[in-house]
Structure formats: structure tokens, C-alpha cells
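One chain comes next, on its own, written out as C-alpha cells in the form predicted on its own.
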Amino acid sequence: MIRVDLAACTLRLPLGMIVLGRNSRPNGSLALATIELSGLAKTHARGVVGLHPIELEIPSGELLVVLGPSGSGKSTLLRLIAGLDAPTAGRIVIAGRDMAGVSPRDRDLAMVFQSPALYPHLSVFENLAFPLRARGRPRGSIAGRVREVARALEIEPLLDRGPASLSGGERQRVALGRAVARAPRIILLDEPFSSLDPPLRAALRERLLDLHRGSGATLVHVTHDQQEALTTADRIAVLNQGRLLQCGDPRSIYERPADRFTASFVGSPPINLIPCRIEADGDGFRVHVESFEHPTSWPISGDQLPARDTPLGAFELGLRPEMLRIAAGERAPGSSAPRLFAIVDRLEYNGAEVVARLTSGSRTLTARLGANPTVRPGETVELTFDPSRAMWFDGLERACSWAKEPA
């Protein structure tokens, strides 16, 4: 018989599993927390609309990032889910239960704000222990749970210190720890990293992903940082002026935005938007760009036409900076590849790549080049791109559909 001394063994688990333990409850069952928003709307005093009616389902365990500029309704949406504000219309259903009249305390959620909002008179240990005591956790288990959370967030050496002696990043880690200590089924984050330096933001984003991977919690993260959204989200919900414009996985938001705002807000450097016209040309069609110093045009096939009720007239052509490339050599005979002429204004070195800022007449363009570009400021260059990857936006700033989705 083999005897194992369990007391002498050290079990090393992934970070998130240590912290949240798959969000299990005392009976061992996983607490599901699907959030359903049906016609959810909020109108503030004097008729100011904070949120137009929203239809959205957030599956249990998903990391949804709500993305948008200041004043877009992100925090309003979060406060409605948390129960800190009451909707003007619509319903919030969590795990099959209508939240009308349900207090924030009884929604089994935790919220982390932009400001850590720690209790200044309590130590880090007591800040972490507070929600456990408030929920009636057995006294004997609190110390062990607090140390588990602190160890996972790498703040165990700080447990005896007060919030005033901590750095901004340390305070935010304590705030995260306080939120997850009691393993809530929903965690709401209201731009908790926005005031931190970029390296610290990146580190805490990684910590957030570790926490989420090992939990069963549904996580809704509000931010105005599109890069943060693209790198962390299972899905992104884009808000602007209180309207939900699009909700999808990061790739579809970036490559197939539903409208001009989403296309321009998501992506760094931002997308190039070029006014143009599509006109009939014999048996085919032709794109005309006249706003550049050197007007240009090229034929377009029927399967590349932007699909709207009338696929002719004024549009905006959307090209991500990485879609543009410097045309090499002479154009091959019979080639119909689009060509745009521009002057290199400046080159910005970003390590693995160089971003070129170009001008043509009153228009500007941005292109991603390799780490060792052959062009220099002041040169006139020909730019080309793959028309099948182009985006089109109509006069109402809606994205037009595409005949073929990207592979």
C-alpha cells in the first residue's frame, strides 16, 4: 500500500482557480449568472436620455467588455445591472429571476470602480475580510480565504498595511481582491485601470484574465480603451450616445464594424476613411476618388460592390492602416489594382513596425509598414490594397454588407 502524506504536499493551481474556486456554492453546484437585458432604457432628469432601449444577453461565465467614449452610457448600463439605479423601461433578468425591486445586496454581484474606494481606517486584511464578514462567512474560514486571495493577487506582504501607504496599482489590486473574495456570480468593473500607467494596466489586465479563467463568474468590464477591449473580451458591446451599435467578438468588431463610428473608434492607428463615388461603367462599375491631389479611379466587380438598396452614389471607403502597402515597381499590363498617390509626411518608429503618415491634397492617410521601410519623408509613393478587404459606409454612416466574409 502506498501512503501519501497530504500535509506535506503542495498543490499549485492556476491563479484564478485559487481565487474564485469556479464560483461554487456550499452545495457544490455552479452558480449560473446569465444576464438578459430586454428593452432596458434610462432617461435622466429633464428628459436627458442616458440609455436607449437595449436588447442584450450575456451568457453565464462570459467576459463582456462594454466599450465607448465618455458619455456613451457605459456606466449607466453598469449601474442598472448592479441595481444602483432604476431603469425607466425594460427588464433585467439574472439567472432567470427578474431584478425589478431586488436590492444590490441580493443580486450576488460585486463592483469595482475607477477609484478603489477602500476603507481608509482598515488594513488591507480587514478590507479583504469585510465582504466575507458582511455575508456572515464563518469566522474560522475568513483568514484562510483572505490569504488565498492576497496570495493570488500578490499582495500578501501588504496585509498589515493601510490603504494610504499603498501605490495606485496596489490599491486597485486590493479593490479587485475585495470584489472576488466572496466568489460572487457577477463582477462589474467600471474602468478600474484607467488612471494607471500603461505597464501597470497591462499587468492588471493579465491578472484580470487569470481571475476570470478560473472562475464561473460573469464579468462585465466597462472601458473607453479599445485596445483593452480587443485584448481581453470574449465579446465587445459598443455604445455611443446611449445606443448599442454592435455586439460581437473582437475580430468581427475590428474587421466587420457595423457602422462608421465603430470602425473609427476601434483600431489604433485609426481607420482611413476616403470619400468616393461608385458609378456604372459600361457593363461594370467604377470607383472614383477625387478628393486627393491626384484623382484616381479603378474598376470594381459586382461581388465587391457594397450591398445596399442602391449600390451606386456616394460612399466612404474604409481601409485599416495595415491594408495599405507601398506599390512595388511598374503596374503590370492590364492590372486593375487600386492605386492611391500620397506624400510621406513623417515616419513613426514603433519597434516592430513603422507607421507612415501621408498626405494628398487635403486628405491624410496612415499606413503600417515593416520595421525597415524603404521610403523617406517627402517622397511621393503609390499605395495599393486588396479591394476584397475594403469596408464601405453609406450616407447614413452604416456599414454596407459584403458578398463574402473573410476567411
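Sequential numbering from 1, following the sequence displayed. Computed from a prediction, not measured in an experiment: that's the story for all the values here.
This protein has a second form, the form predicted together with a small molecule, left out of what is shown; the following refers to that one.
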Using a 4.5 Å heavy atom cut-off, indicate which stretch of 378-386, 345-353, 45-53, 32-40 touches the small molecule in the model of the complex.
45-53
Within a 4.5 Å heavy atom cut-off, is G71 in contact with the small molecule in the model of the complex?
yes
Would T76 count as a contact of the small molecule in the model of the complex, using a 4.5 angstroms cut-off between non-hydrogen atoms?
yes
